[in-house]
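One chain comes next, on its own, written as structure tokens: the form predicted on its own.
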Amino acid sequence: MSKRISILTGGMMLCLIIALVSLCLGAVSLTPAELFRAMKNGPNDTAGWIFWYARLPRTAACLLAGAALSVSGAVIQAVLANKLASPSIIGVNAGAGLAVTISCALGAISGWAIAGSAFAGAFAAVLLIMTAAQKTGASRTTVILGGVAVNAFLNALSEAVTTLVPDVGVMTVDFRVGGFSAVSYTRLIPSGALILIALTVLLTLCNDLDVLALGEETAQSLGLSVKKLRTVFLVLAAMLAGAAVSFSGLLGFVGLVVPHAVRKLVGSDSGNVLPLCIFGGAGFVTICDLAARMMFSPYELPVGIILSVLGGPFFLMLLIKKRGGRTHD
């Protein structure tokens, strides 16, 4: 217990430090004293404007997206009993992206419309993968391959809509690759509310998630309504991924890398994994965004590029380690 508390406390403190550094550094750096004055005095000078309208929404977006995508990945992995699953790999993010694209093409661009459509698209994608896996009795590797195919198909549809409706301004490079340079309170606040609600509910269901991860027969023998509970977890995972995509774009591999790293530290107990995924994911995305801002200053990379550079080799390493999943089919 003391080790768990120490790790969680350390993760929370590290996340807070990373967030503070993110608020201070950028094209124009702010000292801690300037940051404190900006917080106190509001957007009445240059430092205040930078803090309130650039650094604060961007850092909050990084923290929320990282926490949402990492917890969504951990939940999807538990429900599918597949540690190679993540929102970006099996098409959940792509489903959200397609729904956002269609929503914008139809002129529904308010914060709640974007957040709601992203959730609907993410849930439709995860439900498609889950239903296909159950109906066909697909192996874990087949589920991943099917998810990759769905991901490619949905991304192609998004590109088609963007081509046919060029005025869909949301489909910038930042959105397709994933980034926070254009984040605004209009989109962040509704999506952030959905993320906080989903995280709160999931933290109360950790024991049920552990039982569900034991297998359908075991869960039913312990009195759980497996289908109903699985649907609840998929809805919450889709809410997290969809809400994050609505303002961060199609960020990849967060839901794969962070849950694996967390399990190495605290094991597979969801009561330990989910809270640490919140802090780990939030800190991981924020520090990657900070690197994207600072590495080639004054030029800025979309953070999705950094995440793909880190996550792609990590995914390949997992595939090689598991020999393509054949030992787990």
Partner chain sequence: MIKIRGLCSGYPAYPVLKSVDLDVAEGNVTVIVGPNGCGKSTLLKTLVGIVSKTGGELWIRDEHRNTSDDFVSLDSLTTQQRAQKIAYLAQSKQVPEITALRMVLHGRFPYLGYPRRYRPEDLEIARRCLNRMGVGDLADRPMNTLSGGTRQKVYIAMALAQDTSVILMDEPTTFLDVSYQLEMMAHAKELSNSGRSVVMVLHDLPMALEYADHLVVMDEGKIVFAGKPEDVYSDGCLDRVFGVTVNRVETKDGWKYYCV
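Just so it is clear, the structure is predicted and the values come from calculations on it, not from any experiment. Positions refer to the first chain, counted from 1.
If you look for the form predicted together with the partner chain, you will not find it shown, but the lines that follow are about it.
The contact residue chosen from 184, 220, 131, 163 relative to the partner chain in the predicted complex is 220, the criterion being a non-hydrogen atom within 4.5 angstroms.
Out of the listed residues 120, 145, 81, 235, 81 is the one that sits within 4.5 Å of the partner chain in the predicted complex by at least one heavy atom.
Comment: 208 to 216 is the region of 92 to 100, 249 to 257, 208 to 216, 188 to 196 lying near the partner chain in the predicted complex, near meaning a non-hydrogen atom within 4.5 Å.
Contact check for residue 225: a non-hydrogen atom falls within 4.5 Å of the partner chain in the predicted complex. Although the partner is absent here, residue 203 lies within 4.5 Å of the partner chain in the predicted complex, judged by heavy atoms. Among heavy atoms of residue 269, some come within 4.5 Å of the partner chain in the predicted complex.
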